[in-house]
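Before any questions on how it binds or moves, here is one chain, the form predicted alone, in structure tokens.
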């Protein structure tokens, strides 16, 4: 039996048509469409359709998907009651539990047909933003804002979160951010989702598994650490000195390096531009300046590139998104990819059951009576 490296690094675990990554060349594409092409031209709704169906939607197909998503934005009353009952809970814990609850109140939760699973995928993409925005408002003593059917997926989230309809620039910025985070091949959360789906468990269980994996600080949460680092510094110069000090003391600077990419993360290219533009419009220009200066210093000192989390931090902050829901917002986007992978797993399923390279004591150990053990 061949031996895998730690963390299954370099191991090909399945075949998939959804996402392609070339870490040496800095390439990321969804169903053959380069991430730069999508960031410059697509809407998030188009990307959701692309991830699920392997092609861009025509006008009728896009209109139908938008209508489906809009009609599924409302949460069950029981889930809203739960959100009201845990105002001091950690947002990722709330999201994980609320998504699991969605399965309790979906009459087709146990229906494993292709049609039912696609319907449930629509519900998950539509309802995750509502869970995040409704919880944030409720924990701050504010009323829930009803979804606006005339707003896009991106604009409606910002509206139901902040109570103000975003302008065209803010809507576009968040829409692109959603696209950039929508999928990333077999990352930890996506693999967790596929492992659960491979047992033929329901789609809500698979999505809950993914959220549980995303909660871990080695996967989600890096952009939260980035913005806290930036906000703790009074000036760009202080931010740079803090980063240099951390590097000298072998402390990891959040938002740099990547398990797959050996060059600049292609998603960071767009987020850097968005961060700069939005920072100027919202009065957070210094936050971008701190980011740019820290990026330059870390690159010069350690030859490390910024990843997707680094500039998404200042981008989300400028959009008025509370820091502790940055990771749930990651899930609001990544649910598109998770559901695509879950649906793909169901269509061509085989139970995922790897082996372990055993390093324990050899077989045949001598039994020692209890009274003789030390």
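Worth saying up front: this structure is predicted, and the values here are computed from it rather than measured. Numbering follows the first chain given and starts at 1.
Just so it is clear, the following notes concern the form predicted in complex with a small molecule, a form of the same protein that is not shown.
Participant: Is it true that 217, 222 and 309 each have at least one non-hydrogen atom within 4.5 Å of the small molecule in the predicted complex?
Facilitator: Heavy-atom distance to the small molecule in the predicted complex: all three under 4.5 Å.
Participant: So in the predicted complex, does any heavy atom of residue 129 sit within 4.5 Å of the small molecule?
Facilitator: Contact with the small molecule, no.
Participant: Residue-level question: is residue 76 within 4.5 Å of the small molecule in the predicted complex, judged on heavy atoms?
Facilitator: Judged by the heavy-atom cut-off of 4.5 Å, residue 76 is well away from the small molecule in the predicted complex.
Participant: Just checking whether residue 293 would be counted as a contact of the small molecule in the predicted complex - the rule being heavy atoms within 4.5 angstroms.
Facilitator: Judged by the heavy-atom cut-off of 4.5 Å, residue 293 is well away from the small molecule in the predicted complex.
Participant: May I ask you to check whether residue 254 falls inside a 4.5 Å heavy atom distance of the small molecule in the predicted complex?
Facilitator: It does: once the small molecule is placed as it appears in the predicted complex, residue 254 has a heavy atom within 4.5 Å of it.
Participant: The small molecule isn't shown here, but in the predicted complex which of 302, 165, 118, 281 has a heavy atom within 4.5 Å of it?
Facilitator: It is 302.
Participant: Looking at 172, 258, 123, 242 here, can you tell me which has any non-hydrogen atom within 4.5 angstroms of the small molecule in the predicted complex?
Facilitator: Only one option qualifies, and that one is 258.
Participant: Out of the stretches listed (96-104, 273-281, 227-235, 244-252), which one is close to the small molecule in the predicted complex, meaning heavy atoms within 4.5 Å?
Facilitator: Checking each option against the 4.5 Å cut-off leaves 244-252.
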